[in-house]
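Okay, so here's just one chain, in structure tokens, the form predicted alone.
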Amino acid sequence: MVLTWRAVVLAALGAVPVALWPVPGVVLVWALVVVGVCCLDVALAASPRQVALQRSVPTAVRLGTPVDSRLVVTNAARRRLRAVVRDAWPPSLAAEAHDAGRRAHDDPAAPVRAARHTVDLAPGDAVRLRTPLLPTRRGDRSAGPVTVRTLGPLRVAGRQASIPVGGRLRVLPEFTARRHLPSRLARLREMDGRAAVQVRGEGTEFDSLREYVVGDDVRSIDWRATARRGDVVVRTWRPERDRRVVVVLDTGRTSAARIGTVDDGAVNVGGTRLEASVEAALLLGTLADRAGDRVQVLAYDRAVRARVAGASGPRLLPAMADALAAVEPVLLETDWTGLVGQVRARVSQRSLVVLLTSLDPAAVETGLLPVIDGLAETHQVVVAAVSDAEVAALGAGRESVEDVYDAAAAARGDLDRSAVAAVLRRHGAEVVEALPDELAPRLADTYLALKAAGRL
């Protein structure tokens, strides 16, 4: 049994007869009246177990995009259904509901109590309820049970039951770095020769035939074409564009750190380091695919958490977003030996291997540094890490003694990371470190620079 505010008011009205006839029996009689009214109202209320529920929700939605959960409520009981229905979702979906009884007259965007709907249905009738959702966290989100609280005709008391109803929503990465894609694609077209800039240098991919001139390598002479034309003809080559790009996201404990971001000049605590890595991986993967390269994505700590391989063209970005949607940081040290083994098992020819990790000195010296030589001797390695805007802001403080100490600690941390980056460069790796909003475009620029230099 559940009680409403009307039951409290009914009990409070008992003060009137008690004041008129101040004897103990009046209190008992009034209490029995209240209990009797509540029991009668419960008996006349429809059973919540006889309510048919069906929930529908999109399979996937991008982070920050509004979406609706639709709940069809059918009154299968013989009594009229007067109920409050709660469509439960995790707090990270920021659920809001709208009163179904007043939607025809009021603004449907006017929010009422979260995820609660008031329904009034005759036997056999049905209504569709809409619960707006706004995802604020990436990952898989499962719906909770639907709670139905039915009330009697007096709306004094009623019954309540929580009924499991299936529903799952996959929240995909937001991919805010998409705005950097057009400018990088324009640079890529220049590199490919479709604009004014031409890429020079020897390559291994056939381009065209032309007449022989003094100084050409005789090994480039096409003898069959020469025999057909009667003039000496040579083959021209261009740098290969069909390369392999392997993007590896470190999902170990360092990826769980919260990173400060700059918003309108103010430093705020943003998402985890992994969130910035996901944005960078999506931009780089999309750009490399447009360049004709074959892209693989791997999320790893001590086990493979996500993998994308074999997808290209329009299928690549949805596959990456779906695979990385449910990846979360794991509070374990990354097994770098196993990670290198995973890369070698997937690519044997020279490839671009991008490691999205941290430049934390302790983690790099004990994990990445011992295995970087074996990886860099076969592949072009790029180590990309996100820097903390909050640490950068601490380095500028000079107003008090505490600020000076914080600035000294921040400067010391910068020196340690710079030293680690220098060591990685000596071992043959490129190092990219940038703020969360700048990591994705900086990594894309590094990829284009390596491609233009023929280092892939």
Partner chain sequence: MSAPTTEATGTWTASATGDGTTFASRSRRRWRTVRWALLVLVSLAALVALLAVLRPPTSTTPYDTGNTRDDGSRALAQVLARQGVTVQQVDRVADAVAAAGPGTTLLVPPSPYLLAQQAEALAGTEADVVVADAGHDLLDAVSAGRIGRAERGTTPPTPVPPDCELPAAVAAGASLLEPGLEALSDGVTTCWPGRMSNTAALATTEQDGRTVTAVHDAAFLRNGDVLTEGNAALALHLLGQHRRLVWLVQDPGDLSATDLDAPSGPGSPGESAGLADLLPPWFGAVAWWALLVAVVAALWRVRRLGPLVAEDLPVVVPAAESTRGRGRLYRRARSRGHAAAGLRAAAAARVAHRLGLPRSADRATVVDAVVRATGGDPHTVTDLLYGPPPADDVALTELARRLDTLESEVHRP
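Quantities reported herein were computed from a predicted structural model and do not represent experimental measurements. Residue numbers count along the first chain shown, from 1.
Omitted from view is the form predicted together with the partner chain, to which the following refers.
- Only one listed stretch (299 to 307, 81 to 89, 376 to 384, 121 to 129) carries heavy atoms within 4.5 Å of the partner chain in the model of the complex, and that stretch is 81 to 89.
- Within this chain, residue 328 lines the site of the partner chain in the model of the complex, having a heavy atom no more than 4.5 Å away.
- At the 4.5 Å threshold, heavy atoms of residue 453 stay clear of the partner chain in the model of the complex, well away from it.
- Residue 362 falls outside the set of residues with a heavy atom inside 4.5 Å of the partner chain in the model of the complex.
- In the model of the complex, residue 312 stays away from the partner chain, with no heavy atom inside 4.5 Å.
- Only one of the listed residues (37, 44, 429, 57) places a non-hydrogen atom within 4.5 angstroms of the partner chain in the model of the complex, and that residue is 57.
- Checked against the partner chain in the model of the complex, the residues 236, 183, 162, 337 give one hit for a heavy atom within 4.5 Å, which is 162.
- The candidate spot formed by 147, 398 and 409 lies fully in contact with the partner chain in the model of the complex, as each residue has a heavy atom within 4.5 Å of it.
- Residues 1, 2, 3, 4, 5, 7, 8, 11, 12, 14, 15, 18, 19 are the members of 1 to 19 with a non-hydrogen atom no more than 4.5 angstroms from the partner chain in the model of the complex.
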